[in-house]
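Only one chain is given next, in structure tokens, and it is the form predicted on its own.
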């Protein structure tokens, strides 16, 4: 998969295998990306479906809106849905497509760094349920993922950086020296963005290809997400602080889970401090009080990797050596936030 490569999609469309084509957008990708996409693909016969952006709208009600539009335009099982937008949109678009008429095919065209390196790959689709991240969903592979860094020019600095958390996560999981955290930290996120998109998305694709349904190795991709997802969910129901972006939450998850890794598995304290300094150059530190931490801890039980009442963490023995299915206690959880905030 290369950046700015539309040849596969053009072949798919020219094959006439689809009775109708739909393009799913939100107000941002409609305004900034749709015209660019149409010019690059030369698609002329399609119906547009527009939803409202934001994690708070990644729910079953938005799916109903998408299904209603597909019905209105008389979509059938040979229709194609093209998801043009960020990670929220490709998640919900993939889920809506995978469940409509028991499944129609879909293509993801991510327009954010988060989508390009992570969210649009791997076949996970879904929606949030009662503010809990991705509680309802299915595994369903997109027909194609089109990566084009031109869309990143439309993003704010904050939204662009949001995706960097997943890039760092991938650099901590890989045992490829040329893509490790040390190598990543020497890159320029703006000048080297095409290299970053192509190579760090491929880390995820290689892991997924070996364990499509997350029964074993794929679990390592949840590193930073057990705590990170709980924080993100909590931020959307709490009055303590504003709702956090996915990347903001995952950075906290990475740093707290690395501290836990240091205490439990001997992860290098020097590496931990280096990673912390690097990430806090890009992300603002968030403050939590005791009540916040109690409620975030209680949300851990809803993580999808759990086994019964057991909360399973992915921890790192060292960079490139993740260990799955680790249990921790609450005191260590609290201590990890003390490290993060100091």
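Numbering follows the first chain given and starts at 1. Here the structure is a predicted model, which is why all the values come from computation and not from measurement.
Here the subject shifts to the form predicted together with a small molecule, a form of this protein not shown in this document.
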property: Proximity to the small molecule in the predicted bound form, single hit among 268, 99, 238, 134 (heavy atom within 4.5 Å); result: 134
property: In the predicted bound form, the residue from 41, 47, 312, 28 that sits within 4.5 Å of the small molecule by heavy atoms; result: 28
property: Heavy atom contact within 4.5 Å of the small molecule in the predicted bound form, the stretch among 71-79, 260-268, 175-183, 86-94; result: 86-94
property: The small molecule contact at residue 162 in the predicted bound form, heavy atom, 4.5 Å; result: yes
property: In the predicted bound form, residue 119 touching the small molecule (heavy atom, 4.5 Å); result: yes
property: Contact flag, residue 115 vs the small molecule in the predicted bound form, heavy atom cut 4.5 Å; result: yes
property: Contact flag, residue 33 vs the small molecule in the predicted bound form, heavy atom cut 4.5 Å; result: yes
